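Just the one chain here, laid out as structure tokens, in the form predicted on its own.
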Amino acid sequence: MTRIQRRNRSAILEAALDVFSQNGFRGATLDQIAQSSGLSKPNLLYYFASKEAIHIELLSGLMEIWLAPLHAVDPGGVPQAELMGYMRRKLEMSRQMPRESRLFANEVLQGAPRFLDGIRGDLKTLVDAKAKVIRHWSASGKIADIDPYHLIFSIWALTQHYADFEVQVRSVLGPDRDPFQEAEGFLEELFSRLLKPVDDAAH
């Protein structure tokens, strides 16, 4: 692939990320993506055969990025520190990558018709592995006795909310408040209490 081809392909994917994150798969059109990328529609179709092909390419690239913060949870680390670090990484991802978060959320809300295999495959395999680690930490008394899957779901929900519903969050808080900075302190307090072992919580 030549330098120009790489540049054009990158421009298409960048434009598609904007269009899909704003309009969802059904609302997005090849014409919108072509216009946003600065390329003609026939030129776009030289690189990608369809709107679906572009969407799948974005989701495939996103999955690796999306799983990275959970991969980084170290079974040999300090349990609360590892889980709090995971929460912070997910929140920072929402701050830095709101379009990607909305792209993934839109796909899931539609039943993941183009990416269900990825969710049932790599995502589930990793979550199962980390759930086993969290169960071990709970059984060892290092953190509270907690369902590991719903803990992970809660971290997803409470961090990705700030990207997926950013307009709502900023509208409610007002222009002078930083939702991500405030969220980090709030979520640290919330999860530190949730994860605290029973014996520690009693003191």
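Just so we're clear, the structure is a prediction, and the values are computed from it rather than from any experiment. Residue numbers here begin at 1 and follow the sequence given.
Below, we turn to the form predicted in complex with the DNA, even though it does not appear here.
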Discussion item. Since only the chain is shown here, I'm wondering whether K41 would be in contact with the DNA in the model of the complex (any heavy atom pair within 4.5 Å).
Written reply: yes
Item to complete: Answer yes if any heavy atom of Y47 is within 4.5 Å of a heavy atom of the DNA in the model of the complex; otherwise answer no.
Response: yes
Worksheet item: Closest heavy atom of K51 to the DNA in the model of the complex, within 4.5 Å or not?
Response: yes
Item to complete: Would you please decide whether S140 lies within 4.5 angstroms of the DNA in the model of the complex, comparing each non-hydrogen atom pair?
Response: no
Worksheet item: Of the listed stretches (146-154, 167-175, 64-72, 27-35), which one has a non-hydrogen atom within 4.5 Å of the DNA in the model of the complex?
Response: 27-35
Worksheet item: Which residues, if any, of 4-18 lie within 4.5 Å of the DNA in the model of the complex when only heavy atoms count?
Response: I4, Q5, N8
